[in-house]
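Just one chain follows, in the form predicted alone, and it is written as structure tokens.
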């Protein structure tokens, strides 16, 4: 009897999704030949809710290793709303379960980050055979050392900072770069160190405005005519530490703290300060060689789990080995940057200021 496997990609796109899809498909075909059928579900959980899917052919997985984005499409279905019946009177969870059964699936693969894994765990608890694959440029998924998409985003962010160095030096400016990462600062930390930033502001280490100005002026006193400041999207000051996110947004009048950082540096140092936000540029385009390999490894391992009947798990990397964790053990758990993380200590040893 043929095994029927559904695949969906949920949440924000990132490089490596297609490589992971390809890894799963090719490994399944190698193991099972014509005894497996793969169904692509459109636009994440939205497609599963609405019953939007199609049977995939072998050629659909050819030539996608290097492609960014996702051939299946994606969307966000916030976990907080997934169990809420709205004005459309749609019971999303019931629909997903019903469509899984209508498709006669033996397994559902969900490629995504924290929210995706919470919904995957919910479906698993409702009796569906689910396997997760961890993707996010934020690298904040609990239980895995790294997620695919992260290293590509680091490479792109580093290139952005590299290019800002020359223009900052030419004009004797402070350049403030806002890097994606709303709840975790992994991407800002790695791009900041790789790009030679002078100041890095992370959500995990609330900063002092005064210390930012002091760090900039210290560089001036040491003969440096420019500075590079990396600000994580979710960074906040010590004065905002006890506020909830909505309270911070209301107090600032803008989504991130970057404009305030720029204004403060300008006012306190007298140095012309500009900001730059690469935004979604960080998660677009072709995956790096590292992410192609990692996503392929995750995909092949997921295929092995399917063949062995191992469900209710998510694939992960730990200590250089590909493993799996129970969905129930990782769902809803974040992986913030520890204050004493080795790379934080390395950065401090180089004179990079975190201003906390």
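Numbering follows the first chain given and starts at 1. What you see is a predicted model; the values in this text were computed from it and never measured.
There is also a form predicted together with ligand F6P; it is not shown, and the following applies to it.
In plain terms, the part of the chain that comes close to ligand F6P in the predicted complex, with a heavy atom within 4.5 Å, is 179-187 out of 179-187, 246-254, 92-100, 125-133.
Under a 4.5 angstroms non-hydrogen atom cutoff, ligand F6P in the predicted complex lacks residue 117 among its neighbouring residues. Although the partner is absent here, residue 104 sits far enough away that none of its heavy atoms falls within 4.5 Å of ligand F6P in the predicted complex. Using a 4.5 Å cutoff between non-hydrogen atoms, residue 233 counts as a contact of ligand F6P in the predicted complex. In the predicted complex, ligand F6P sits within 4.5 Å of a heavy atom belonging to residue 280.
The contact with ligand F6P in the predicted complex, taken as any heavy atom within 4.5 Å, belongs to 137 out of 141, 137, 265, 109.
Residue in contact with ligand F6P in the predicted complex (any heavy atom within 4.5 Å), chosen from 218, 76, 163, 173: 76.
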